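A single chain, nothing else alongside it, follows as structure tokens in the form predicted on its own.
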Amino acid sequence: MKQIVILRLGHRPERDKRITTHVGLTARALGAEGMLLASNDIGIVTSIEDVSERWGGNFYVKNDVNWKHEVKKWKDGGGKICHLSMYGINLLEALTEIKRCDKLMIVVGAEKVPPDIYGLADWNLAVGNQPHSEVAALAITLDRIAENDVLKKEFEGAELKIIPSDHGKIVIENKE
């Protein structure tokens, strides 16, 4: 099974709370094992951990990491780095190679990404070369590199579970 971690760079606590939370929730739902937050925002950690507790899975958030240290450690451990950037090559050009990686860190920036990232990344990838949401770019990337159908993923240890329905909302509590 592929090991995928998200590194969130450039999170500005007063401006990016919702987007960073959505990056984490998208990562969790679509197959990543955790998110490294290169900022100090315990509210993001608490929010995502709460979702994981109620809806299942083992997704983690590591707060206030030193991104350079995490990238070096990842690469030293045999991992590859994929930086999502609208300035990169098209995702489809590197997809076959990325799918072969067993250990992948996906870097998701915010307003200003440190220039070093472009050189440290194994791939600077664009999901289209137009401005759009980093959440959308992450979702498309995770879906395209998935080994299994991530849209049908089941989460272990869920307190709550949605029963798919074409009309209305059905949520059950897990009594285990």
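Numbers for residues come from their place in the sequence shown, where the first is 1. A quick note: this is a predicted structure, and the numbers were derived from the prediction, not measured.
Unshown form predicted in complex with S-adenosylmethionine; subsequent notes refer to it.
Shown here without its partner, the chain carries G24, D41 and Y60, none of which come within 4.5 Å of S-adenosylmethionine in the predicted complex through any heavy atom.
Checked against S-adenosylmethionine in the predicted complex, the candidates G56, G109, G34, G31 yield a single residue with a heavy atom inside 4.5 Å, and that residue is G109. Heavy atoms within 4.5 Å of S-adenosylmethionine in the predicted complex belong, among the stretches 118-126, 65-73, 144-152, 41-49, to residues of 118-126.
Although the partner is absent here, A137 is a contact residue: one of its heavy atoms lies within 4.5 angstroms of S-adenosylmethionine in the predicted complex. In the predicted complex, S-adenosylmethionine sits within 4.5 Å of a heavy atom of L84.
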